[in-house]
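For reference, the chain that follows is the form predicted alone, supplied as structure tokens.
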Amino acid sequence: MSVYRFKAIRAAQAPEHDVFTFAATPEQIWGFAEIERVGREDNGNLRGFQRHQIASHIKEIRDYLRRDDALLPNALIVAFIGGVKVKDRGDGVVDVEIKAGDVKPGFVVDGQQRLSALSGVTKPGFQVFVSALVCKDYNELRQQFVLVNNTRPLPKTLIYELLPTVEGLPERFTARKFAARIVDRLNFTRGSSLRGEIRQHTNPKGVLSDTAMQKLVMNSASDGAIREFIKDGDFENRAYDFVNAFFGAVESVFGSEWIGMSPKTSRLRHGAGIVAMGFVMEFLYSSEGATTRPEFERNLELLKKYTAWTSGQWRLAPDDERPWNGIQNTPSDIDLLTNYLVRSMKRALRQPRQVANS
């Protein structure tokens, strides 16, 4: 039997519950609490409540925690069923005594990925906050788990919009952060072909999806033109100029299908259309060297007769013909539309050359 003692601060909330906070090392927390993951008994009954570990997320947290300046201000939430005594010292301060034997009295309700990450970090004396509550039984513990984890998350649009202004974020935000910065410039730079067009947390009147625009930029930065710009320096300005020129040409060539239209009235303004047209942009750069608005315009004119953004039919394949609004914002539909547009663009480019060579 191990005994853990902490000085804690108690919050006055529901009179029948004890809620308090203290600081503990990861080793101490593992000593009195466990992570009980959801599963099924042989008879089919549900046991546990925690979701599975997310290895990539844990690695990301662990990589961050290895930094000398790493902070973890968010408290883990641990619920106890027995095994804990709370003694009032006055002014909201309490002494907490936790007894743990073969069966641990605490269950991690929130923060399991953080605690798992901490177990792989060697930082003697590093403490985290533990917010604890005492439940009368397992049912109440599960109830608290559902309530704690059912809070409304921050809107993605807000998080993505904040990214360009935040430093020191985990690696997975890096590509999104660059894309978000380019999208910000496209949306708020005077003279931009997309000024005010992109829907963001601070621009709810925009109609183009910010995530679709970011996807277009991320695709280019990963495997396309922007990736080449990065090698040459000044890539952010070049990336902005490149995407801005392309959509300036889109507006010019597809005017009636672009200007004043919404994703519901034109698939060109739809997330699927935006992402798919990004691959047309990449193709024109790689095959024709297009980087300026006139260069994009000249080539997009050739593509126009193959499109059905606001009416007509998409002849995506011999056995796949759809009405203009039959394309949805799904990975499979985006792939189909992308392949169709790039294939049509190649065909359109071959025709003038064949005529010239005849």
Partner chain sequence: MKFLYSDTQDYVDPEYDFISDRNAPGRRRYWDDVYAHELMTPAPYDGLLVSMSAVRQAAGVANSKVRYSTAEEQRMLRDGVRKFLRYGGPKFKDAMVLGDCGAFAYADSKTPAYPPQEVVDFYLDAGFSHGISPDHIIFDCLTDNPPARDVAPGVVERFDITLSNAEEFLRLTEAEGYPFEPLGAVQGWSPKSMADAAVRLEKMGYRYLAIGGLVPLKVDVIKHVLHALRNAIKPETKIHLLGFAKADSIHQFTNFGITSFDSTSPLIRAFKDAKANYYMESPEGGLDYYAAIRIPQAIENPRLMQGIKRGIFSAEDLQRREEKALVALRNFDGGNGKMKAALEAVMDYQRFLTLGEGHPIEKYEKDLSKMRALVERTLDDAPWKRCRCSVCSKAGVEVIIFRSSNRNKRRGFHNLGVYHKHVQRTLEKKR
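Numbering follows the first chain given and starts at 1. We call the rigid core the largest set of C-alpha positions that still match within 1.5 Å between the two forms. No experiment lies behind these values; they were computed from the predicted model shown.
Keep in mind that the form predicted together with its partner chain is not shown, yet the notes after this line are about it.
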Checklist line | Partner-facing stretch of 221 to 229, 123 to 131, 77 to 85, 188 to 196, counted where any non-hydrogen atom is within 4.5 angstroms of its partner chain in the predicted complex | finding: 221 to 229
Notebook entry, point to check: Would Asp241, Glu288 and Pro323 all count as contacting its partner chain in the predicted complex, using a 4.5 Å heavy atom cut-off?
Noted result: no
Item checked: Contact of Glu282 with its partner chain in the predicted complex (heavy atom, 4.5 Å) -> yes
Item checked: Exercise: Trp30 in contact with its partner chain in the predicted complex, heavy atom 4.5 Å -> yes
Next item on the list: Evaluate Arg343 for contact with its partner chain in the predicted complex, applying a 4.5 angstroms cut-off between non-hydrogen atoms, and reply yes or no.
Entry: yes
Checklist line | its partner chain contact at Leu336 in the predicted complex, heavy atom, 4.5 Å | finding: yes
Checklist line | Members of 318 to 333 lying within 4.5 angstroms of its partner chain, judged by heavy atom, in the predicted complex | finding: Pro318, Pro331, Ser332
Notebook entry, point to check: After superposition on the rigid core, does the Cα atom of Asp333 shift by at least 2 Å between this form and the one not shown?
Noted result: no
Note to self: Quick check on Lys104: with the core superposed, does its CA move 2 angstroms or more between this form and the one not shown?
What the structure shows: yes
Check: Superposing on the rigid core, is the CA of Ala33 displaced by 2 Å or more between this form and the one not shown?
Finding: yes
